[in-house]
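Below sits a lone chain in structure tokens, taken as the form predicted alone.
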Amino acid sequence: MSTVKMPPKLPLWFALKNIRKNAQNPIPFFTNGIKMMGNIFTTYLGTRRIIITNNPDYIQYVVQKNNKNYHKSPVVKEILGAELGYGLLTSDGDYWLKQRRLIQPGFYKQRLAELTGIMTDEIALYINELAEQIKQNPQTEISKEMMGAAFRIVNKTLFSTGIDKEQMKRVDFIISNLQKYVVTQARQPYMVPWLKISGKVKYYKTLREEADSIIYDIINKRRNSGTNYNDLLDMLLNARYEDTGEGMTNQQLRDEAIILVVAGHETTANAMSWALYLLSQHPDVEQKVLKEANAVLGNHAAFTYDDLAKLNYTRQVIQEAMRLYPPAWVIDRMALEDDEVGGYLIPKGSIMLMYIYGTHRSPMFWKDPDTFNPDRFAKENLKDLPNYAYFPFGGGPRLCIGNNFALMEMQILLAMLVKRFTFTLVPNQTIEPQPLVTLRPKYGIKMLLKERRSATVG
């Protein structure tokens, strides 16, 4: 350990000169740091000292090969956890493993197959409503639409009949605002005293309590209903720990449910927004998706889980959209003990950021990395791709538990949307990613929607 070196350090002045700009959008700062210092370096984000890497080998080592030495950082556990609860996303160690084993069966292939019909029916219902909406106004802000659509889908598959439309809008609003609050605390900790003085801390506490009230009400009603539902909440309620035979408490159910709501709609909605934006700029790709959708979705009522394999090119489009605009654009870990990664010392307590956005756009692993090309994800083109050059769902033991659920949802939703509508980008608008907890379109994406001739759903 004595012969290893520290990762190269980005000059402090470089980190400080645009401290406010970096707090709003650190992507240019991280990307420039890699160009200046190489694929691992030390710097500051706000007042926090961090180590950043986009090297797939280093990333695989941290999240997979030596994952037991790396837990979620205090930013995730103490700040995000305070807002979302102590669920799969924010927990660590033995408790995380216990929860993962308990919840994992809800995302096995058989369970996903059972949810396919529920998901497809809800998408069809949404698309018919969207068709009526654009008769009044063909222009829509697509990222808001996708947030609403994804929330509906996760609500239907998680809670079945739990949240009505007004509650859905309210929970969506709360989640969006809590996300901004978390990012402010993480990147600008010096702002926390002002947040307290200004009443913002109290305001966000009220929002969190409102969301809790909605979720607890659903849990209590379901416990007392005496009725079985084919949804994920029933799975969570009926799950039992192997060692005790007991189920989760209401607090645990709340924590896991809110994590599934956030992860299940936020990431999907962002990926779908970027995918539709990219399709609007590449009509040749859109036509290939349309051809595949027409062939597979002739009658959505007959669509099954096994039909997903036939939406192969649609999946490639989604994968390429998540390469260019990964919903989880960075993941973090904290070293529990001193370690060595690629000949570099990682001191105990160091916070490491695995820069997904930077890895996905690195010319070291991708030809023309900023170009949209779904053919990259054809099987024959993936054989030479290094492990962790592409990891939109993370990796190792903490690979996103809902990755297959999300891909299934996006394949069906994208195919059904393209089959029904054309999407034309409204000119003269700024399209820019905003890296909060997830990667959102900062100013939204305005589009004109038009029904295709003889298009029907349902």
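One-based numbering along the sequence shown. What you see is a predicted model; the values in this text were computed from it and never measured.
One more form of this protein should be noted, the form predicted in complex with a small molecule, which is absent from this view; the next part is about it.
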Want to guess which of 282-290, 169-177, 135-143, 322-330 is within 4.5 Å of the small molecule in the predicted bound form, heavy atoms only?
322-330
Taking the small molecule in the predicted bound form as the reference, which of Phe421, Phe41, Phe393, Tyr61 has a non-hydrogen atom within 4.5 Å?
Phe393
In the predicted bound form, the residue from Leu89, Ala149, Leu236, Met334 with a non-hydrogen atom within 4.5 Å of the small molecule is Leu89
For the three residues Arg100, Ala263 and Ala406, verify that every one has a non-hydrogen atom within 4.5 Å of the small molecule in the predicted bound form; reply yes or no.
yes
Do Tyr305 and the small molecule share at least one heavy atom pair within 4.5 Å in the predicted bound form?
no
Residue-level question: is Ile401 within 4.5 Å of the small molecule in the predicted bound form, judged on heavy atoms?
yes
Does the small molecule get within 4.5 angstroms of any non-hydrogen atom of Trp96 in the predicted bound form?
yes
Does any part of Ile259 reach within 4.5 Å of the small molecule in the predicted bound form? Heavy atoms only, please.
yes
